[in-house]
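The chain below stands alone and is given in structure tokens; this is the form predicted alone.
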């Protein structure tokens, strides 16, 4: 199903895509968002706008997307199932589409106990796989979630989802990915990858099922600023594998930040040679300014143009 998404046109044309991520602020100013959007617009094809990531209250993903569009960069709006029932989800996404948003990433959302409102009530009226299915049905069959017909101007999002190749049990990871693809996901962004050997095994299983021919897979990468950041991901983040050699390499480096950038560039060059991977998703957490250098030195600049 063709949409008006530039990202979809690039991927469907066989280009190796590059997406990034901008985290909205914990205040009501869009200055930082706009600054990052102007900085990234020539180096990435689209950028995620996180939806209260780690369950911390932030400027809304949809409002942020409008600012980013105004800066000439295509946004990917995230929608979590944690905070909204099906009425609010549909209303927000109709509004987002009316404002020019064409890419949607469907997520369950981090549990609120990890955020700054741990006593908040979660919703989870539907889960992320149901959201994918219902948004595809809304686009292709012109139906609200209830089954009521949409008489005209149905939202036609390019629909995405996430995958974690590293969570246990490992053998179920590809099965869960396939469920999302069957529900209607057209592009996938993975958790940040540090263990290349395990990711290659994951992609082998993906290719065995032919999933890479049914969905565009963008491999997640994250430049690390220090060995302590690597150690934190290794020991404190569920479903994340950071090999000891990366921690040691950062620990021994004279300039850990520079070493983190070098590691990220090496990872992207490796990922580009893995069959079935259609792009990279660069998650430079609170470090967006290094994305242009990473893209350029990875051989991914200039970005292709599409009509």
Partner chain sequence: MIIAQQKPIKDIAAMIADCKKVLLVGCAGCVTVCLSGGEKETEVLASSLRIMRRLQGNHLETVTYTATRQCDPEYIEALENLVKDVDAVVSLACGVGVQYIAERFHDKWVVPAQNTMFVGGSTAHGVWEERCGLCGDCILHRTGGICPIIRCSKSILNGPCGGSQYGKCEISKDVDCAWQLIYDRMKALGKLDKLLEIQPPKDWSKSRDGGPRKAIREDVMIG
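Residue numbers count along the first chain shown, from 1. Predicted model only: the values in this text are computed from it and were never measured.
There is another form of the same protein, the form predicted in complex with its partner chain; it is not shown, and what comes next is about it.
Asks: Give a yes or no on whether each residue among 168, 171 and 240 has a heavy atom within 4.5 Å of its partner chain in the predicted complex.
Replies: All three within 4.5 Å in the predicted complex.
Asks: Answer for residue 110 alone: is it within 4.5 Å of its partner chain in the predicted complex, judged on heavy atom distances?
Replies: Taking the distances in the predicted complex, the answer for residue 110 is yes, it comes within 4.5 Å of its partner chain.
Asks: Is residue 88 near its partner chain? Define near as a heavy atom within 4.5 Å, in the predicted complex.
Replies: Although its partner chain is absent here, residue 88 would stay clear of it in the predicted complex, with no heavy atoms inside 4.5 Å.
Asks: Although its partner chain is absent from this view, report whether residue 93 comes within 4.5 Å of it in the predicted complex, heavy atoms only.
Replies: Outside the cut-off, so no.
Asks: Indicate whether its partner chain has at least one heavy atom within 4.5 Å of a heavy atom of residue 125 in the predicted complex.
Replies: Yes - in the predicted complex, heavy atoms of residue 125 and its partner chain come within 4.5 Å of each other.
Asks: For the chain seen here without its partner, which of 117-125, 70-78, 150-158, 223-231 has a heavy atom within 4.5 Å of its partner chain in the predicted complex?
Replies: That would be 117-125.
Asks: Considering 201, 176, 207, 142, which brings a non-hydrogen atom within 4.5 Å of its partner chain in the predicted complex?
Replies: By the 4.5 Å heavy-atom cutoff, the listed residue in contact is 176.
Asks: Go through 182-208 residue by residue and record those having a heavy atom within 4.5 Å of its partner chain in the predicted complex; state none if no residue qualifies.
Replies: In sequence order, 182, 183 come within 4.5 Å of the partner.
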